[in-house]
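Okay, so we've got the same protein chain twice, two forms, each given alone as structure tokens, structure 1 and structure 2.
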Structure 1
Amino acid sequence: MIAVRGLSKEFDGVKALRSVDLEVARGEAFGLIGPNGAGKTTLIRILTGQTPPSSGEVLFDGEEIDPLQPGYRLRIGLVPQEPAFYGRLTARENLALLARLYGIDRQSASGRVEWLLSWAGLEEHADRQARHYSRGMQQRLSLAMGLVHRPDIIYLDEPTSGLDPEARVSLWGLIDLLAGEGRSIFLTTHDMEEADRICDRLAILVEGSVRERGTPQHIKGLLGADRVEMRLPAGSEGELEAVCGRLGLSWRREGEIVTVTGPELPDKLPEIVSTLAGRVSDLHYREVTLEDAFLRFMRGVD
């Protein structure tokens, strides 16, 4: 649905994005993970037409577009990183205003507003000024405001940063609902749990360039995925080599400790243990998290 090719952005000498290539399919939840200052917001700003790229192109449904053109603008929704609503308007007034500005006629607008209020769980507070809301409610309002005009793709810039765990889960619930409706989601985060839970595909952005991309599984797998550590006295290397070779695993030794890694490790573990029966002790299964992967990629360690 959206694709960017060779996208770069430079702010007076600061290279915020370096030749980024990405693709988001229709109905897909795409996650862009990266540390502070990686360029996530900059990319969203380019994709939502707030700032032009220094070079590169943005394709929408296969056609090169100017993100400012109305046809595109009306099909995207945005939940900016900083809260964006009028604090002294109520949730209902905020939503109704946007509905008017999106040119939705009065009647359907009020229906749409009521629907969004109940969808976001804000009906009870719909007539209170938004500045009095909790952070979680504010973020749900912000999300609802990005959806007033039923966009095909919604850009969420760190939607859960600063929320408590409960509010976070409740927001995730709403994002899941969106994904279920077949909207594309473009989400940035530095919360790996969030990326793992919501996204179908991920890209890791570090210092403006994409370090890696793929499904969460794939990304985790790249780290050598899960691994088993065990104490194995010297002298069994021949047998270890043989069984690993057969199962498509790799191993390495550091002193007494042998580490085995490779795909589908849990299924293959019993065979290794039985082959080396009696000689193995202190066996630990270490599951790799996205967090590990992220930290590795951030440091540039492959």
Structure 2
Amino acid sequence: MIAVRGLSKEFDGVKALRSVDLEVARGEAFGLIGPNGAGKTTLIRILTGQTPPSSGEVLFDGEEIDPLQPGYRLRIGLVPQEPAFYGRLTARENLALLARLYGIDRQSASGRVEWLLSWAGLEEHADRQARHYSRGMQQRLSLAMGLVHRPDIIYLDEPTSGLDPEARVSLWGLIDLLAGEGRSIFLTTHDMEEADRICDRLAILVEGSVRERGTPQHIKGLLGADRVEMRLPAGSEGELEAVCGRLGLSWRREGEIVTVTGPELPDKLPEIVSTLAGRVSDLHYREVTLEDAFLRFMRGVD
């Protein structure tokens, strides 16, 4: 659906993006994750025609395009970090105005606006000025505005930043609906739970460069593993090494705490405990999260 090849961006001698290669399939929810300042918003700004790249190319439906051209921008939607609407207008007025700006005829625009108000759960508040909405309602309105013209791909730039947990889950539900409709989604976030929850595939952007890409499960498997932490007295390393070697697991000691990692760990845990019977205490099992994997990856980069 959208692809970039060798995309770079430089601001006053500072490289914000360094030869980035990415692609998003039709109907895919693709996530770009990374720390603050990694270049995520810069990439979104290029792909939505807000700023030109310094070098590289952007392909849309397999053809090289200039993201600054109006024809391309009519086929994309954008939900920026901060809500984008006129605060003194109501939700209905904001949506109707945007529909007319996109050239949608009045009758079609009216039907589209009513559908979007219902879709975003704003029907009861449709005639209130948007500036009086809660932060979550404002972001739902922004998402609806990004869909007014039925874009082929929608860009979401940290859409749940600053939302409380309830509002965040509500917005995730709307994004799930988009994915269920087969719409392409390009999401930037530094919320690892959000990336794991929403995205089919991810890329990790660090200092303007793509360091890894794949499904959330692939990245978790590549950069981290489920683990068991237990208190084990010194002198048991020989037996621990033997059982871990037999089961294809790894272990490390930090003081009195031993951490065991590896594939299918829950199924292998009984044999570990049996082998070390009577010496294990304070045993805890935890499934690795995408955030665990990302932080361990970042430490490895540093």
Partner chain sequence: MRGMAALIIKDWRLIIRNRLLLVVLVIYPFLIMGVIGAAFGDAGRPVPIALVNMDGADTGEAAWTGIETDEAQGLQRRFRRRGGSVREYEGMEEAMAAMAVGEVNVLLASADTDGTAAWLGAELSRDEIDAIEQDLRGEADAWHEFSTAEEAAASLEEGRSDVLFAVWEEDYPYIAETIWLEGENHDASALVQRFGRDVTEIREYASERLARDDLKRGRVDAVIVLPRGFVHALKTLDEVAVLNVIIDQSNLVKAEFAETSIRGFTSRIKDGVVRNKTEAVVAGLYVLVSGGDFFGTEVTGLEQIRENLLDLKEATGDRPDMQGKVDVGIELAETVIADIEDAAAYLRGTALPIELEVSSVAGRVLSAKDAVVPSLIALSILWTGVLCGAILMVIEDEEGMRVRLGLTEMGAFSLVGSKLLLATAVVFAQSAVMLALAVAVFGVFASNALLALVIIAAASFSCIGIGLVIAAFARQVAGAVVLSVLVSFPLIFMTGAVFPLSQMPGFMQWIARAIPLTYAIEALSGVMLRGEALADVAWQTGALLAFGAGLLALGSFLVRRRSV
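Residue numbering: structure 1 sequence, from 1. All values derive from a computational prediction rather than experimental measurement. Rigid core (definition): largest C-alpha set, two forms, superposition within 1.5 Å.
*Asks:* Looking at both copies of this chain, which one is the form predicted on its own?
*Replies:* Pick structure 2; the other is not the form predicted on its own.
*Asks:* Rigid core aligned, does the Cα position of Arg246 differ by 2 Å or more between structures 1 and 2?
*Replies:* Yes; Arg246 is a residue whose C-alpha shifts (by 2 Å or more) between structures 1 and 2 when the cores are overlaid.
*Asks:* Leu232: with the rigid core matched between structures 1 and 2, does its Cα shift 2 Å or more?
*Replies:* Yes, shifts by 2 Å or more.
*Asks:* If the two forms are fitted on the core, does Arg279 show a Cα displacement reaching 2 angstroms between structures 1 and 2?
*Replies:* Moves: yes, 2 Å or greater.
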